[in-house]
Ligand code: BES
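The data below hold one chain only, encoded as structure tokens and taken in the form predicted on its own.
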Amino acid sequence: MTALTLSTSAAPGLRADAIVIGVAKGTASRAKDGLVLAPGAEAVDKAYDGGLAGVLETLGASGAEGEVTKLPAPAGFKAPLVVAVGLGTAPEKDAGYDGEALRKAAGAAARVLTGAKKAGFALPLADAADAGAVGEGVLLGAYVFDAYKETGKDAKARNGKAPLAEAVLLGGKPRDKAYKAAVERAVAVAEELNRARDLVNTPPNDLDPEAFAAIAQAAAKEHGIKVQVLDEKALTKGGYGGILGVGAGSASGPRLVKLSYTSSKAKKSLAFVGKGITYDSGGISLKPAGHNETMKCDMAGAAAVFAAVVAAARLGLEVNVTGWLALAENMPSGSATRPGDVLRMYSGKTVEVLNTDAEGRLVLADALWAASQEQPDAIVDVATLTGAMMLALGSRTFGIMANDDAFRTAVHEAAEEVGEPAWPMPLPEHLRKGMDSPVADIANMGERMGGGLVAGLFLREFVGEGIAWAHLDIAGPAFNESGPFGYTPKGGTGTAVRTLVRLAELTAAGDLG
């Protein structure tokens, strides 16, 4: 992973492969200014006799978000290259740059600096939070997944080049406790988010439920997290009919993994529950051609939960966090659950399975009920649950449903704060009737229209009485099938990790409910 350091060095004297600066579009009140140089670019501009903005405009730079323009470094610089990255519209006078704009710009620059050994980032650092945002953007933008590339002993990855080796945050304060803490947080969160990306990108022949559980066990041991793994025998004894039913058709047995991070100073507790379908064929209700190729990503919710619990432990947050990974492979075979079968869930409720491709809600239902038995202050589940949510919100925004409006708002605000686009969604009571079953307590399908909301209503049935609960449907942003942008790569994105970590931080500080 890219090394991250703070430095008070001046840009001209830094021995590096490149110096990164920020540029922006003029605001409405400053539109006449055209391209605006962001704070941090002063030394470069001075070396161009104050004409850097004009040079960049001549090269076609507009300051648009994520736009990258390269030009030779001026005389006297020890770095040969200047990389100008767009920050979008400049803030009004006396206002600072938004943290997400800094993250995206740093990520875009890190991506184009693949192959470089060292780069100095002279982006705006008004305070420690800005340093954390830039650092996080760099580490997330530099990510590559090369585990299955025949790249030789030097482990070069992207187009034969290794990711940026070292990023120096110029203008940072290496001896300032707040700056150091911000960078340490950025490293912990980014490393765990990238771990989630690795899991999502790993092919299903190497990541079945047993393998995922083993990875969780190893990480738990490393970071002092208690772990419990229920295999088929334990799941059968415990009556986890949902998880067992989904995994019944696979040669790879299901698992329920419980990760418990505890703090001696904690006053609150959170439970995170993740859907972990390591491959989803749809089961007997087989997915049509063209819909199977990316179904290794159907465990992205469990990956996010896993990463968030480890990050909480690494940050030493004063809150108890339990992660529940509901792991199964959904495959068709002679032993698979059939449409029309009735499963008895861990809660004791019975579910008529009308569609075996609506399997995520079945494994989550068991895990939600298990989490509820410990009476946490709140439960948040994360799942690539429905295509309907993608139709509603597109490929970059996840939906938030909850049994409490205030809690839903708090989760939404946390997501927006860390730069993860999300939108609050309702749970209309009239849709519940569509899941009535003549043979069981509830069916796993309801009305087709509003399918994402129907899934949320189903999950609500398995949340313990009086517990605040939110459901994050990350089907859209969990796996990026288009090109990379900002700090987001193609493939697994690690979405929801930062939202969960922020919720844990807010809970530890007593600022969440």
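Quick note: we count residues from 1 along the sequence shown, nothing fancier. On a predicted model such as this, the values are computed, not experimentally measured, just so you know.
Beyond what is shown, the protein has a form predicted together with the named molecule; the following relates to that form.
Trainee: Which residue among Ala128, Met295, Val229, Val342 has a heavy atom within 4.5 angstroms of the named molecule in the predicted bound form?
Mentor: Looking at Ala128, Met295, Val229, Val342 one by one, just Met295 meets the 4.5 Å heavy-atom criterion.
Trainee: Can you work out which of Thr236, Asn355, Ser395, Ser333 has a heavy atom no more than 4.5 Å from the named molecule in the predicted bound form?
Mentor: Residue within 4.5 Å of the partner: Asn355.
Trainee: Can you tell me which of 220-228, 417-425, 306-314, 274-282 lies within 4.5 Å of the named molecule in the predicted bound form, counting heavy atoms only?
Mentor: Residues of 274-282 come within 4.5 Å of the partner.
Trainee: Kindly indicate whether Glu359, Gly387 and Met445 are, all three, within 4.5 angstroms of the named molecule in the predicted bound form, using heavy atoms.
Mentor: Per the other structure, all of Glu359, Gly387 and Met445 touch the named molecule.
Trainee: Test of understanding: in the predicted bound form, would Leu472 fall inside 4.5 Å of the named molecule by heavy atoms?
Mentor: Flag for Leu472 set to no.
Trainee: Would Arg432 count as a contact of the named molecule in the predicted bound form, using a 4.5 angstroms cut-off between non-hydrogen atoms?
Mentor: Arg432: no, not in contact with the named molecule in the predicted bound form.
Trainee: Taking the named molecule as it sits in the predicted bound form, is Lys268 near enough to touch it, meaning that at least one heavy atom pair lies within 4.5 angstroms?
Mentor: Close contact is absent here: in the predicted bound form, Lys268 is far from the named molecule, nothing within 4.5 Å, heavy atoms only.
Trainee: Would Lys287 count as a contact of the named molecule in the predicted bound form, using a 4.5 angstroms cut-off between non-hydrogen atoms?
Mentor: Contact with the named molecule, yes.
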